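Shown next as structure tokens: one chain only, the form predicted on its own.
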């Protein structure tokens, strides 16, 4: 008999088994085991089924979390999966990489005294079970439509939009500059958080649904943007943001100082079996090196944990604020500390030292001052507090800026806003060009995968409304 809900008063929070740090730090496999069905049901039964589900409210996708937790507790796993996937195109991915401690689980009403429901682990369990049982099938549109949509970017926003538009029956073509589908999911996020077969499985499912992928196709150099617009009835730009933010400090141009995405892409490509010259010659291999990572977001955590797995001699993370004010997931920080990463809080680089190649980082200790215009406490340097850290590989994880797409696409009429991202009507996702839409990080700036999925879904709905209205107007004119 299925357990009743509200079991948090007698059942403790229990995550899936986590591999020991000494073991997991030697490979790129995911660190958590899967729940067994009884464990998933037991943990799902801890949900309080509250009248105002803050977990759903704080989920960018508005997932119906209490509903699928209740179905899981009752052993109705297929129904639970159907509810979960109704609002999320890629629950197997979000269950693995979403910062649940800042979103759904962090806002669980039982968290304060009883610890949150393990929402992410149950979500991962449901979708993995659905794939294993054959419940996940390619889309088969009930009503194919003749209109086509071209999507630029095969990352989470582009893929979510492609999935939704194909469900409506449109002919969907996805263009990407890389040789694999997934964007940051395949090249930016390490395997210990998201194993690559998970992404490749989803690619195969979308391709089987009739979505056509044009890889190694860079809009502008490979295919003019004007030609792309001429091919399709609507175009969605979902390129993401990839340009590393600059770090202007003396010695910043020394060899051995690399952007985070360059480093992570090389590591992921090696894991996928590619030959990467800069890894083969040691330029992007942390083995035996003293590594310093600058930044406090999730990308910085990906870098420090990757360096540990590559066999770095030491790994230090420099962040100018303290633990409580860092933007990344505190769960990821805990994983990194377990694996041997040293954190130097309230520290910022002052200069990079070395002749030709970096050999050390001179950092200055900081203190937190009054809140700035964003509400975050400003940082102030402490005079005479410099420390020098040995470093022969420095990784800059300071965030990402958007590419100048009007220049890249040779389309000056494509308008950007003051932050350099594409300017859109926030309700319709329309750009300054007729029939051209935009979504994801190229609009909102660097953000979470789950927000990219939400934007892709909303943009697809806007494109559907636009194409439906265009078809109706054409039919009226023809009559």
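Numbering follows the first chain given and starts at 1. Just so you know, these numbers come straight off a predicted model, no measurement behind them.
Unshown form predicted together with ligand FAD; subsequent notes refer to it.
Requested in this report: Considering only heavy atoms, tell me if residue 41 and ligand FAD come within 4.5 Å of each other in the predicted complex.
Outcome: Taking the distances in the predicted complex, the answer for residue 41 is no, it never comes within 4.5 Å of ligand FAD.
Query raised in the report: Does at least one non-hydrogen atom of residue 178 fall within 4.5 angstroms of ligand FAD in the predicted complex?
Result: Residue 178 belongs to the contact set for ligand FAD.
Report task. Would you please decide whether residue 400 lies within 4.5 angstroms of ligand FAD in the predicted complex, comparing each non-hydrogen atom pair? Result -> Although ligand FAD is absent here, residue 400 would touch it in the predicted complex, with heavy atoms inside 4.5 Å.
Requested in this report: Check whether residue 338 has any heavy atom within 4.5 Å of a heavy atom of ligand FAD in the predicted complex, and answer yes or no.
Outcome: Flag for residue 338 set to no.
Report task. Would you point out which of 282 to 290, 126 to 134, 213 to 221, 352 to 360 contains residues with a non-hydrogen atom within 4.5 Å of ligand FAD in the predicted complex? Result -> That would be 213 to 221.
**Report entry** Contact residue in the predicted complex, from 77, 97, 366, 234 (heavy atom within 4.5 Å of ligand FAD)
**Finding:** For this set of options, the contacting one is 97.
**Report entry** Heavy atom within 4.5 Å of ligand FAD in the predicted complex - the one residue of 191, 259, 188, 328 that qualifies
**Finding:** When ligand FAD is considered in the predicted complex, the option within 4.5 Å is 188.
Report task. Let me know which residues along 138 to 159 have a heavy atom within 4.5 Å of ligand FAD in the predicted complex, or say none if there are none. Result -> 152, 153, 154, 155, 156, 157, 158 sit within 4.5 Å of the partner.
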